[in-house]
Ligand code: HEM
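As a starting point, one isolated chain is supplied in structure tokens, in the form predicted on its own.
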Amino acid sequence: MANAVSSNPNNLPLPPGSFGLPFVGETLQFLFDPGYLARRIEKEGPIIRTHILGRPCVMMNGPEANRFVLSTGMKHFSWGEGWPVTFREILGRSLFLQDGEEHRRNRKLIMPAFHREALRNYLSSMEQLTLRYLDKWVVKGEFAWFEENKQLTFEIASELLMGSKPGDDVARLSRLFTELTLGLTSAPVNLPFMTYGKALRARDDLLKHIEVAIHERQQNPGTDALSLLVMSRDEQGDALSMTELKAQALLLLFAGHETTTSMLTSFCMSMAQNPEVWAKAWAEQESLDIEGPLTLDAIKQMTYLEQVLKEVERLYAPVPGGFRGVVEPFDFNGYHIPKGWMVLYGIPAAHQDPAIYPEPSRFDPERFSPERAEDAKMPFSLVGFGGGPRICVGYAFAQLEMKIITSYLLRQYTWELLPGQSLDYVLFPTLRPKDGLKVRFRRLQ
């Protein structure tokens, strides 16, 4: 379906679409109009030409396109050259933006922090932090859940990935990450009062915090991911430099809580909106007859909860897609994409394809039951955490964390959505309800 070409010997056309206005292209529609991509797909099909974030871009949508970008056609793409300059400057040269041998080496160094034995060691700390926040939420009674989830997931990431002590300046650091994240999709204007300028200052403050943590881990290594990175050596016996360690640690903290926050918030909203699903998820938890601390074996038996989380991922993917830079031109489905362009693979089009997921707007965890297994119809039709050789390195960590938190929520608590709030979703930098999901929360009697 796709093949590498040196220029355009097949004389194929560019994908349909337009480049929009001079300079800005269609960036404003892309960032601020939730219906923009769906309308473009309906009008022009799944492969669309545009100009966003300062570059010509082809938006590739659907499972087939996902498979090409994430797996079979990877040689045509660069991660480092694909993401906008804001990502590259704010997140630094971390695993997220690396290619080739550099990426292979650093992914190999990071992976032990996410193996099964490491996850087993994380379970108790995740559980204790979760219980502390649940107690706090009961006392609060009413709150906006997105921000609370953000602080919880950030504290889990800080303690388990960075070795921070519980409660270490969490609220301030979480706010710094909020400022950093907002800068990723802002105009790259480094002025103190601009969103991007604030993001860069937040990044610098976070890197100072991380550098202190690195020095501590060098003196007293533990079992957290940062300690493993500090102690790791590559095949040549070389350690990561301070600059490399800081970039990787910043990425671990960023990726370790942003998408999980979005997913947990969407889970809480979906349960309140779908009481029949909530009742079935609660019944599964009751049937497991869990007493005392959770175990990996108990979590493994939460098969319906896993289906629910997959449906949350499908219908409320935390991010709308991923960027790549085209380093080798290619043909795809009758169109030619030149070298130097940017590619955006879109997640919602695959997740809401009615040929794969009938009635795609309906929240239905049974899609992922063994009997239906709708995602198995076509590879790369569920890619909320990426896919292929570079699937999210922290995917298992996020799944464990979400199952612990949601298991406790289902077994011991109830909540309702407060009236008079907007549940419309904001797309960037990660998906979230506009008003943060305001709820009334209490413990089950």
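A residue's number is simply how far along the shown sequence it sits, counting from 1. Quick caveat: nothing in here was measured; it's all calculated off a predicted structure.
Omitted here: the form predicted together with the named molecule. The next part is about that form.
Out of the listed residues 378, 417, 391, 28, 391 is the one that sits within 4.5 Å of the named molecule in the predicted complex by at least one heavy atom. Shown without its partner, this chain lists 342, 152, 229, 263 as candidates; in the predicted complex, only 263 has a non-hydrogen atom within 4.5 angstroms of the named molecule.
Relative to the named molecule in the predicted complex, residues 84, 189 and 202 are all farther than 4.5 Å at every heavy atom. Shown alone, this chain has one stretch from 279-287, 365-373, 322-330, 173-181 that lies within 4.5 Å of the named molecule in the predicted complex by heavy atoms: 322-330. Of the heavy atoms in residue 196, none are within 4.5 Å of the named molecule in the predicted complex.
A residue is said to contact a partner when one of its heavy atoms sits within 4.5 Å of a partner heavy atom; residue 103 meets this definition for the named molecule in the predicted complex. With a 4.5 Å cutoff on heavy atoms, residue 214 does not count as touching the named molecule in the predicted complex; it lies far away.
Contact between residue 385 and the named molecule in the predicted complex is found at the 4.5 Å heavy atom cutoff. Residues 79, 83, 95, 96, 103, 107, 114 are the members of 79-114 with a non-hydrogen atom no more than 4.5 angstroms from the named molecule in the predicted complex.
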